[in-house]
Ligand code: HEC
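Below sits a lone chain in structure tokens, taken as the form predicted alone.
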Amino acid sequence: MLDSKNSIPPALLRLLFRSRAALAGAAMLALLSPILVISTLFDVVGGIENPYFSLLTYLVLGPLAGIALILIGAGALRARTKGEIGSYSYELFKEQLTIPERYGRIRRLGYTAVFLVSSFLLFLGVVVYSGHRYTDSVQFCGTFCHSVMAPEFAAYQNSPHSRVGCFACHIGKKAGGLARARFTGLKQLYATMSGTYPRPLPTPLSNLRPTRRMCEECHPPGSAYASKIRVIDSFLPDARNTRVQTAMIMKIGSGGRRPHGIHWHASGRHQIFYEAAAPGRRRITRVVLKDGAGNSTIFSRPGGRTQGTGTAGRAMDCIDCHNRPAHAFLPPGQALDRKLLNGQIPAGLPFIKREALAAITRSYPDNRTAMEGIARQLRRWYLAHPDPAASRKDLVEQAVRGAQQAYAENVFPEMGISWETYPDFLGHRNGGGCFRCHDGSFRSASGKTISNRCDLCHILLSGGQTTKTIPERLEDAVDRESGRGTGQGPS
């Protein structure tokens, strides 16, 4: 018969205390467990909104608790004295269970062990799931690597997709995307810690890039889109900061059964391939249109090659036009127009559009210098022009804050990002975007061209008008366009 000294709990304790590694692991686990449990509960119920709290909980405390368990297990396996091996033998448990007065104790010990192990596994599952959820959150992507991701995070917060998580577009739901994201994340973490990341970050991304399939989970290509009116507000750089409106009917169209309008490009009835002169895809050199029957028409610029296969280059998808759907950086004039429109910059301050534009387009070595330079230049100019409206210090200070914010949301000198670093291809500002193909220079061997007609995509109702002409022109424009074709293909 075994005495109490050789019963199971004391044997386990002796095994634990005879191994330094196991003892260290037990001490760590005893210290970390209550902190980890309380922190996880606070995070799950939403008691603390600080993103670094989740970082500490799941990326520091969680792994440390795992290391503690490994130390306990490794220490127990290494402490193999003769007596300790016997204390774990089948004969020991058998003998303990044959003693009537100890049977109940062993059973209670078994139930307790099952309960503790089950509870621990449940808690471990909560920690692992919560940690996985946190590493896929916008807060983790935007704030953990703050110096690297600050520009993209700022642009994301001002985008139409600001309520769509990074995971939905950059990773997706499949296991392959998740595994690729974790592998890429480790490389990015190393680059961030070592300071070897490029400045600015190159685009388009070679991995973790949104695809057409991801876009179509929310934007099905077969949906019938009607045309819609778009009004663009802007302000002139004159004394009154005159507000003007450009109104147009946008032919959104569809890529479904009857392809038409702008989304003709996304039709499943044909495919478009293209080649670009550089990785940034700002200059397209060759376009291939393959119809449903498999026939290819090759378009190129003057002097380019119009022969070859019909599948060369990249297949056009949503991201080739919507290249910055959630991370758009605005040009300086448009950034100021938004601030003037929503009142962050007072439009009643004379020449503020002109002066703010001059202040924010100067070259600054860092953000702090930029904030100081913008404020100094605007205050100095309005101090030298004692106009009744310009002399109002509250308006000047409001304008300073608005101009600084317009700069801070779009320019990041520390990351090498200027106003022109990341162009938006949705449109044709500064000859880019649509004009990469629709500039009238692409021609096929048979003489066909890629049309550059403006009315393929939109109908101009008013351009730079200071009076309300939209209702007056809308009916005439619709009548004029009724019956006119809406195809997007080459002429």
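We number the residues from 1 along the sequence you see. Please read all numbers here as calculations on a predicted model, not as lab measurements.
The next section is about a form of this same protein that is not shown, the form predicted together with the named molecule.
> Taking the partner as it appears in the model of the complex, which of 351 to 359, 278 to 286, 376 to 384, 115 to 123 has residues with heavy atoms within 4.5 Å of the named molecule?
Of the options, only 278 to 286 has residues within 4.5 Å of the partner.
> Which residue, 319, 71, 411, 396, is the contact with the named molecule in the model of the complex, using a 4.5 Å heavy atom cutoff?
Exactly one listed residue reaches within 4.5 Å, namely 319.
> Sort through 416, 110, 165, 237 and report the residue having a heavy atom within 4.5 Å of the named molecule in the model of the complex.
Comparing distances to the named molecule in the model of the complex, the residue within 4.5 Å is 165.
> At 4.5 Å between heavy atoms, is residue 153 in contact with the named molecule in the model of the complex?
Contact check for residue 153: yes, within 4.5 Å of the named molecule in the model of the complex.
> Going by a heavy atom distance of 4.5 Å, is residue 42 a contact of the named molecule in the model of the complex?
Output for residue 42 is no: heavy atoms all beyond 4.5 Å of the named molecule.
> I'd like to know if residue 452 sits close to the named molecule in the model of the complex, meaning any non-hydrogen atom pair within 4.5 angstroms.
Contact check for residue 452: yes, within 4.5 Å of the named molecule in the model of the complex.
> Heavy atoms within 4.5 Å of the named molecule in the model of the complex: does residue 372 have any?
Close contact is absent here: in the model of the complex, residue 372 is far from the named molecule, nothing within 4.5 Å, heavy atoms only.
> Hey, which residues along 420 to 434 are within 4.5 angstroms of the named molecule in the model of the complex, non-hydrogen atoms only?
Residues within 4.5 Å: 422, 425, 426, 427, 428, 433, 434.
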